[in-house]
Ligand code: UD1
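Just one chain follows, in the form predicted on its own, and it is written as structure tokens.
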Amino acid sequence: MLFCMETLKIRGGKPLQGQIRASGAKNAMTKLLVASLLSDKKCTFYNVPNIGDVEITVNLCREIGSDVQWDRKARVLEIVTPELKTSYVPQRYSGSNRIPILMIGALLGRTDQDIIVPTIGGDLIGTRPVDLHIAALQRLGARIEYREMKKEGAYFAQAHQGLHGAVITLNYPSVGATENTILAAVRAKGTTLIKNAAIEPEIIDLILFLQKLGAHITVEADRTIAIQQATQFHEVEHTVLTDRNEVASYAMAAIATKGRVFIEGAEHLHMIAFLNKLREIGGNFQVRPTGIEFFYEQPLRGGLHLETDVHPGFMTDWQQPFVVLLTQADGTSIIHETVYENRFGYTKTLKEMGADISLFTQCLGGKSCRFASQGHHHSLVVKGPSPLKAKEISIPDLRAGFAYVMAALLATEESTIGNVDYLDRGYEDLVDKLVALGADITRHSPFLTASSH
């Protein structure tokens, strides 16, 4: 297999040992940058991860008029958008990530011009429910339509008469639709209620930032978020929460390789569902004042039933590396994916590496989900323990990418992993952190000799 881009070479069989620091959350920082567009005030962010998705979002913001100063080494970013130079996001950002669609919510209250954003991007893991975004924004008074242009589609949105508060009930607690609706509602006249809203930690972090900015937002006990119109904005300093996806990834890699890793900045509150399942299979951890230590203590046991769900359930982004972890557990386990209908594509490669995994279209486990009887492979059975063998791998998406890295860390021979840019989108200093933990991993450029950077 030939790779035209940078690759990773990993020789497995070494337990991960040591300490790393958790980075700022990708799924928080990118949304915070978009939220800063609501006002013309300076916003200063700390604990900013130096990753691809943040860089893409910074470029998007600059495109429409933001002045951004980013000290990557200090992890500090300042952004201010005195005025919008344009409300057109160029087509070259089509498919770059999921951020352009959120520009609609942020910009509707700031301009009476047409807003044009390219089609949604991101990982190919299932349908992104953009219809939820559009229906919610239309309830607030926006006019939105999809048009074909330059061989690719774009969304045209405007609110020439201004936005107005409304009661919006989401038929699924979509993170993106909740965020988009919150952003638009901040400048909408009156009060907006979002019922059946997503309440992920990253959304709470967004709400905390918006409250500092000048928004009036409350989160009620029944998944209802209430937003009153904001008329005055303020300068903001905000520290981005740490990335629970990154923490879980390194935690699983530590335990799978029979190692011990302390992750500084890991937040216990955000990891409850994950920690429960980890301990259920015999993985162990210790919560400390400054982070969480994860360690292997005994042979892992299968017999687990796990369903992904919206927060506070088990996060869909934890599922792929957890399947790799279960290949090392003694017994049979069931995974039922209820968030995305097409998130098991990565298992083909794991099976080629020696994993015992079977896919099913039925809802295996305790309850039926919205994908029941639709013919999607959204349940799997994994049996272990299985020794994994090295392979040349091409990464299809971000979270599958780390699952492959983890599998390569378990294989005794050398694996080659391509499409590394997917990992760059969400994992800061991946190679450096793994090298610090004792992994045998190097990064290779097609034009340069082997390097660990």
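Fair warning: this is a prediction, and the values are worked out from it, not measured in the lab. Residue indices: 1-based, along the sequence shown.
Below, we turn to the form predicted in complex with the ligand, even though it does not appear here.
Asks: Using a 4.5 Å heavy atom cut-off, which stretch among 169-177, 182-190, 373-381, 264-272 contacts the ligand in the predicted bound form?
Replies: Looking at the partner contacts, the answer comes out as 169-177.
Asks: With the ligand left out of view, which of Glu78, Glu341, Glu293, Asp330 would have a heavy atom within 4.5 Å of it in the predicted bound form?
Replies: The residue in contact is Glu341.
Asks: Out of Ser415, Ser39, Asn419, Asn27, which one falls within 4.5 Å of the ligand in the predicted bound form, going by heavy atoms?
Replies: Checked against the cut-off, the match is Asn27.
Asks: In the predicted bound form, do Asp71, Asp243 and Lys433 all put a heavy atom within 4.5 Å of the ligand?
Replies: Not one of the three qualifies.
Asks: Residue-level contact is defined here as any heavy atom of the residue lying within 4.5 Å of the ligand in the predicted bound form; does Asp205 satisfy this criterion?
Replies: The answer is no: Asp205 has no heavy atom within 4.5 Å of the ligand.
Asks: Can you work out whether Asp131 and the ligand are in contact in the predicted bound form, taking contact to mean some heavy atom pair no more than 4.5 Å apart?
Replies: Close contact exists here: in the predicted bound form, Asp131 approaches the ligand to within 4.5 Å, heavy atoms only.
Asks: Ala248 versus the ligand, in the predicted bound form: is there a non-hydrogen atom within 4.5 Å?
Replies: No.
Asks: Residue-level question: is His238 within 4.5 Å of the ligand in the predicted bound form, judged on heavy atoms?
Replies: Residue-level check for His238: no, no contact with the ligand.
Asks: Under the 4.5 Å heavy atom criterion, name the residues of 312-334 that approach the ligand in the predicted bound form, in sequence order.
Replies: If the 4.5 Å heavy-atom criterion is applied to the ligand in the predicted bound form, 312-334 yields Met315, Thr316, Asp317.
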